[in-house]
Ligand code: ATP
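As a starting point, one isolated chain is supplied in C-alpha cells, in the form predicted on its own.
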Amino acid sequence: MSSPQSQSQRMSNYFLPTLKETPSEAQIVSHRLMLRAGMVRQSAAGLYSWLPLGLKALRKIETIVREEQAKAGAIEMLMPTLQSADIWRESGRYEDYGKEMLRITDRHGRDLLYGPTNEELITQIFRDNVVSYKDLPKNLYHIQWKFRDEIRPRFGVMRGREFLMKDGYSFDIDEASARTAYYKMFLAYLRSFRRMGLKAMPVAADTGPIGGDLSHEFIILAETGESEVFCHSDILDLPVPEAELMGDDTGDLAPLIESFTQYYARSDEMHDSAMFEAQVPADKQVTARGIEVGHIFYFGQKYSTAMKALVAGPDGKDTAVHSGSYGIGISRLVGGIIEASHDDDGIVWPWAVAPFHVGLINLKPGHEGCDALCARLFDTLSQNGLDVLYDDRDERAGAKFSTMDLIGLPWQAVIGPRGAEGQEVEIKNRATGEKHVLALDAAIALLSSPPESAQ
C-alpha cells in the first residue's frame, strides 16, 4: 500500500490522454508539450482545463510557494474571485484599468468584476480590521484564480485569460518597514524559483497600473520568452541567500538585495542602451529572451490614502499605512519551467516540481516475475514517499518509452523478464539519458534521490 504522503498511480487507472501529433494551434514548446503530454485541454480561447498530470505539477509549485511564503512571515488567506466595483471606484482604478477587466452586473443591478488583482479588496479587509500600529506589520497572501480578458490569448497557459496566481500584500507603519517587507519577498521569490530548478533574474520593472515607484520582475531565460532581456552575465550565477540569513530590518537586508541589483538587468520596457553599454563590459553583456514568472511592487500609501486605510500611530494620530504587493504566476510557471527544461523527446522535469518522481515501466504485464518485481518496487518507493507512475498497460515497449520521455519524469525504471529473473532494474536518468542496470536494493536507493541533473 502507498503511504499517505505518496500519490503514486497505475497507468491503467490513470487519466493521461497523450497525443502523438502536435495540435495546429500550439505555437510554442510548452503549449505543444502540455497538450501532447495530456496536462491540459482548451475549453475556450485562453481557458484551460487542468488534467491530472498538469494539476499535480501545479500543486507541487503551490507547495513550494506556500513554504517559502511562510518562511518570509506571510500568512495565507483566501479572497473571492468576484469583487465589488465600488472599492475599485474608491481607489480610482475602475475606469482606468481597461478592457482586460471583466465587468459583471448581478440580478440586483450591482456592479461586480472578476478580479484581475486584489489591492483594493485586501485594503478594504485591512482597514476594517486593523486600527493600531501595534498590530503591524502584516503580510497576507492567497492563491486564487484570476481573469484578465486578453485581446489575443495565446501560447497556452503562458498568456491565458484565466490563470492561477499567488498574490500577497504587506502593510507597514512607515517606508523603512515597508521596504523590509519588500526585500524579504524579493529574497523569498529567489528561493522559490531556485527550488523549482529555475534561474530567475530580478530586473528593474515598470509599475504599470499597480502604481508606486519600486518594482522588480523575476524573469527566467528561454528562447520563446515574450520579453527581450539585457543583463550583466554575473547576475545569472549569484548564490541565493537562505531564509536563515534574512535580517529583521532594512539595514540588514539591503546588502543582500544590493548584491543582485548592483548589476544591470532590464527587460526591453526599461532598457537604456547607453546605460547598458556604459555599465556592462562587452564580454559580460547578455541579450536574451525571457519569461516573467513573478512581479513585486512597493507603492507606498497609494491605496491606503485613497481608501482611508489608517491606523493610530505611536503619537496617537491616524496615519495611512505603507503597502506593497507581490505576485507569482503559478499556472504560468508550469509553462515557464517546460520552456526552460525540455528536449526533442519531451519535457524534462526538475525533481521538486515533477508530477511524479519515477516512471515505472513493466515490459511484460502478465509475466509473473515482472509483475511481482514491479509491484515490490512500486510499493517500496511509494512507502518512501515518492510519487510513482506505474505503466502496467498491455502496450508495446516503444509506446511506453515514448510516453515516459514525453511526460519527462526525472527517473525511469524498466523491468522486463530478464531483469525480473535476476532481480535487476534498468534505471534511466531522463535529463542525461544515462542508464544503469542495478540490483533491486541499489535501484531503490538511486531512485529515492533526485538525479543531480534534476535537482
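Keep in mind that what you see is a predicted model, and the values were worked out from it rather than measured. One rule holds for the numbers: they count along the sequence shown, beginning at 1.
Another form, the form predicted together with the named molecule, is not on view; read the next lines as being about it.
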property: Of Arg266, His142, Lys364, Arg148, the one that lies within 4.5 Å of the named molecule in the model of the complex (heavy atoms); result: Arg148
property: Option touching the named molecule, based on a heavy atom within 4.5 Å in the model of the complex, out of Gly160, Pro355, Gly359, Gly346; result: Gly160
property: Region of this chain that lies against the named molecule in the model of the complex, out of 128-136, 77-85, 197-205, 288-296 [heavy atom, 4.5 Å]; result: 288-296
property: Proximity of Met165 to the named molecule in the model of the complex, heavy atoms at 4.5 Å; result: yes
property: Arg332: touches the named molecule in the model of the complex, heavy atom cutoff 4.5 angstroms; result: yes
property: Close approach of Gly324 to the named molecule in the model of the complex, 4.5 Å, heavy atom; result: no
